[in-house]
Each structure stands twice: as C-alpha cells, then as structure tokens.
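Take a look at this single chain, the form predicted on its own, given in structure tokens.
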Amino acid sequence: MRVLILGNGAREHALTWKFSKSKRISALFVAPGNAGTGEIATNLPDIRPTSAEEVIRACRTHRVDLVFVGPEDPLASGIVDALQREKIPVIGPPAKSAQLEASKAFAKSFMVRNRVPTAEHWIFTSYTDLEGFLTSTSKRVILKKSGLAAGKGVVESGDLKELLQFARHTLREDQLVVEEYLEGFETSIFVVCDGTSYRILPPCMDYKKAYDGNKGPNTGGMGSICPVPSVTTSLMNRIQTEVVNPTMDGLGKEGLLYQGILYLGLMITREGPKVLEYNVRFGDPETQVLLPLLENDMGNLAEAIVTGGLPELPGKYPEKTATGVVIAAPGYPGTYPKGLTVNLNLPEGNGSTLIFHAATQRDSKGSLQTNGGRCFTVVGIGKDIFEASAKAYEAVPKVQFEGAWYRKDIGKLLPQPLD
C-alpha cells in the first residue's frame, strides 16, 4: 500500500509514524510534511493540501493507493470530492459533510434537527441584533466564530466590551454563534466511520487553555491524555446512547455519512454529555496520544475504512495510558518568532517516550528549526496516568530552543467523575 498523508503538523507526524509501523506499507508520502515526517517518509514540500490539482498530480506521479487527509482546510475546500472524482481512495468527508466543522451554525442546526444534546444557542449575522442581545441578557455566554478558526475563534469573558469587540470583528466576515456557558469537564470522542458502520475510540482530553490551571486564552491545544480517568464505563455508555447514536443516525438520514473520522467535542455536565462542536478529522494534540495506544495495524484500519470492513476489524481497549505535552514558541498563541534553532536530546529507541514534530523545518545546513507556534508534542506512555505524565515531563526539558515553554499540569490537572 502506497499512502499519501496531507498536512504538516504533529497530528500528521503521528499518523505518519503509525503508518510507518504497518506491515502493509510499501511507500509513505507526506505533503507538505515537516522535519519529523521527513525522517520516516518522503516529504512533498511543494504540494499544497488545498490544491486538488497538485494533490491529484502527486498521486499519479507516486502511484498512491490511498490518501489520508489530516487538517480541516483541505476537507472544507472539497479535496475529498476531487479525489473521489478521480477514483482515488481517500479517508475524509466530502465538502457537504465537512460543513459539520466548517460551519458551527450548520452543526448546531443539525444537532437540533436530530435531537443531539447541546448548549442552548443563538445565531447572529447582525452586530446590532447581537449587541442588543448581549446588553439585555443575564445569561453567561460564550461567543464562537461559525467558520474555521484553528481552535482560537472562541471568546468566553465577563467583559461586555471584549465580547462586543470580538463580535464586531467576526461579523464582518462570518456568522456568530452565541452559546450558554456550560459547567462540567470536556472530553474528546473520536468515531471511525466506514460509510455504513462505525467504531468509537478511547476517550481523550485536550487542554485548550494556554496556562496552568486552565487559565489564559484558548489555543490549538497545549496537551492531551488518553484515555480519560473521569470517563467511566457508565459515562461512555451514556455518550454512545445519548450523543453518538443520534449523531450517526442523523448523518445517515441526511446523506452525510462518510469514510473517515468524526470528532465530538463534549462537555460532561450534571445533566449528561452535551456536544460543543463537531470536527471531521482527527484532533491535534489528541491524535498524538491516541494512535500510540491503538493495537490495530494502521494499514488494516485504513483499508477497513475505505472498504466498509470495520465490523470485521478486531478491537481492543488499550491497556496503557498516554500523556502528551505541547512545547510552544515564545509568544504563542499570539505573535511568535520562527526559525529558532532546536536541540533534541531524547534517547533513541525509547518506546515509552515519543516526540512528534509540529511546526519544524531544516535549514540549508540541515539544522532543525521551529516554523510555527506549537512546535512539538512529547508523549509519555505508562501503565496509568501518573506514570505516563511522569515519563512525558521527564523528556520535555530535553527539547530545547530559545523561549520554549509548556504547561506543567497536563495529566496532573484532572476533572472528577460526575457519575
């Protein structure tokens, strides 16, 4: 099997790593890739994942048997539709289904139609209407940009001036979704779909806030754990019954089922699980802790997705736990420098510690450099959350570049079960 992975983040490095372990793989390509993927696959740095013409040409040139789309932008732009027209097997949703992520307004309407539990919400296109609502309501609310925002188009604040400033800026180009503020803890549920059947993967948790104690602005994710100790067996049963099943039934009824990954971002409240958002691909940084725990050969899993063979694929709950700590550039999630020289001192062949590159590149002399805001995810694997977190934090200081920083409570700050 010759596989092309689209993307250049830590999620794509984790996917590349998992595919590289498969006995089914004869060639592995990543477009455009990063310094980490370049060590275990062939990077195609000139291929833009959002350009259907360039991706199709790369598939023809390299005789690709399967394309796995990592990030959301190519999905929203219709890359899957273009590949399907060329009869190239691809994992990911067509643009019609990708609206579940690309438009929060669309997703909210879908949830209402299909009785999927979610927060009370209001959708605005007019700043005047929105201003009137915010100045008159006594509810605590959260504002969300309807379209894609790389995990940062959300504002939760008690400062009316800050909310209105965000709203004015957003409504110039997009719709705005206003949600009631929900109390509880968040968890990430990933569902693998083959177009007719599906399988729920172990729960993850993404630490979205920039600073320790869940303080500061939202980021693309500063760390993650898998599985989540607070998500008990009884809670997972509720999640499947109350959230996953009506979601998948709704996708079937509305002709939105696809071959790929569906992410459900949940808030676990006293009343039960409620959907905050859908994504139509693997998450980052959750992928980095989820994939190392899956025992399935990635080639077999990919084949099952595109051939409708999920029911025949063996599945087993992971016996270990993983903690992933994101190392970021100074200034992230605001402005940050690029091109910082990186020194990696991780031991080779350490099966309990993994490092996935996000925004990295090699300069003309082969030196490793940063190339973005979130630069690495260091993953520790252990028998429980305590051992996994200890292993991750033992390795984190060995990734060195000027101004590098990270949260110190990933896997240590844990919510209490609500059931």
Ligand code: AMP
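Residue positions are given as counts along the sequence shown, with the first one as 1. From a predicted model like this one, the values you see are computed outputs, not experimental measurements.
The protein also exists as the form predicted together with the named molecule; that form is not presented, and the subsequent description refers to it.
Student: Since the chain is shown here on its own, which stretch among 315-323, 194-202, 289-297, 176-184 would lie within 4.5 Å of the named molecule in the predicted complex, judged by heavy atoms?
Tutor: Result for this chain: 176-184.
Student: Answer with one of I261, V342, A107, V154: the residue that has a non-hydrogen atom within 4.5 Å of the named molecule in the predicted complex.
Tutor: Among I261, V342, A107, V154, a heavy atom within 4.5 Å of the named molecule in the predicted complex occurs only for V154.
Student: Would you mind picking the one in L310, L256, A119, V244 that has a heavy atom within 4.5 Å of the named molecule in the predicted complex?
Tutor: Here the answer is residue option A119.
Student: Taking 4.5 angstroms as the cut-off for heavy atoms, does D73 touch the named molecule in the predicted complex?
Tutor: Contact check for D73: no, nothing within 4.5 Å of the named molecule in the predicted complex.
Student: Is there any non-hydrogen atom of E303 lying within 4.5 Å of the named molecule in the predicted complex?
Tutor: No, E303 sits far enough from the named molecule in the predicted complex that none of its heavy atoms falls within 4.5 Å.
Student: Is A102 a contact residue for the named molecule in the predicted complex, using a 4.5 Å heavy atom cut-off?
Tutor: Outside the cut-off, so no.
Student: Within 4.5 Å, heavy atoms only: does I142 come near the named molecule in the predicted complex?
Tutor: Within the cut-off, so yes.
Student: If you look in the predicted complex, which residues in 270-295 sit within 4.5 Å of the named molecule (heavy atoms)?
Tutor: Going through 270-295 in order - heavy atoms within 4.5 Å of the named molecule in the predicted complex - the hits are L276, E277.
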